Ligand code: GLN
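This document starts with one chain, in the form predicted alone, laid out as structure tokens.
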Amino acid sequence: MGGRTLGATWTVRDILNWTRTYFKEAGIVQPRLEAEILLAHTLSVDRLHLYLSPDRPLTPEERARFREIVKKRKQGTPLQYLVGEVQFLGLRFRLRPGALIPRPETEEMVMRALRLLPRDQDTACLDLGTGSGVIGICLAKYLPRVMITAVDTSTEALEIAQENADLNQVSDRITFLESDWFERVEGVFDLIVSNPPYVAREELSHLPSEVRNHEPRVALDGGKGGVEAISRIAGGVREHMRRGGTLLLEIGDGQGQPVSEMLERVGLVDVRVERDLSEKERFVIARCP
């Protein structure tokens, strides 16, 4: 790495300084932080260890592994896929390219979902398009009496979600189901929650290359106008909601009115649009009469 000779000693401090400059020149927004995360991952230590042992030399094998991971990051592979995990609402989740990288907005949605269900009653929740499982697993972890049915059309995503349920010790209260939305779903639920694909197909080419080239298209592409998947959810939601049950959807900014009208047409009531912390339309909540 850099301009040193092959036999030169590279310490943790040297590697971090070099990588920070390399990432900054590549346009990575948080070059020092990402350098630390990737080096800690390569060395199988936490980031604090890097600060406690800045003069620790890297072996040639460690340098080689780090060089490969840095190269992939510069080429656009998302950080979360490189380290293979992500933190979400205080929990650890494994992550691979077969599942969408969870965003802070979805954390906001889960916080809303936690307020919608009681902690002291048996309840049933349907997580549509579960991906890596973050929504359903967080609900199961923080609501001790909820039973989750987590649905996805991707076998690979469901395998990741099952691993995460095991990791967070909630497998006994989650049923994973391979289904195209409601196609194989049975029963009724107190809460139906979903972060469906809502990026308009005509806007996919404008997404950052990291997202466009690496995250699963099926989890992003909402079809024309970004509401095709939401329309399918709306079409089946009444059949699977208990009276008084709630639907909670994550949506794209500007989709509040068309989605609200869609839900009102299928008979849902008390439909409201809520904004995220960035003041963008992001969530629609509706009730089954």
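Quick caveat: nothing in here was measured; it's all calculated off a predicted structure. Residue positions are given as counts along the sequence shown, with the first one as 1.
In what follows, reference is made to the form predicted in complex with glutamine, a form of this protein that is not presented.
Shown here without its partner, the chain carries 100, 195 and 199, all of which come within 4.5 Å of glutamine in the model of the complex through at least one heavy atom. Residue 219 is the only one of 158, 89, 219, 185 with a heavy atom lying within 4.5 Å of glutamine in the model of the complex. Only one of 177, 167, 211, 116 comes within 4.5 Å of glutamine in the model of the complex through a heavy atom, and that residue is 211. The partner is not drawn, yet in the model of the complex one stretch among 49-57, 241-249, 219-227, 32-40 has residues with heavy atoms inside 4.5 Å of glutamine: 219-227.
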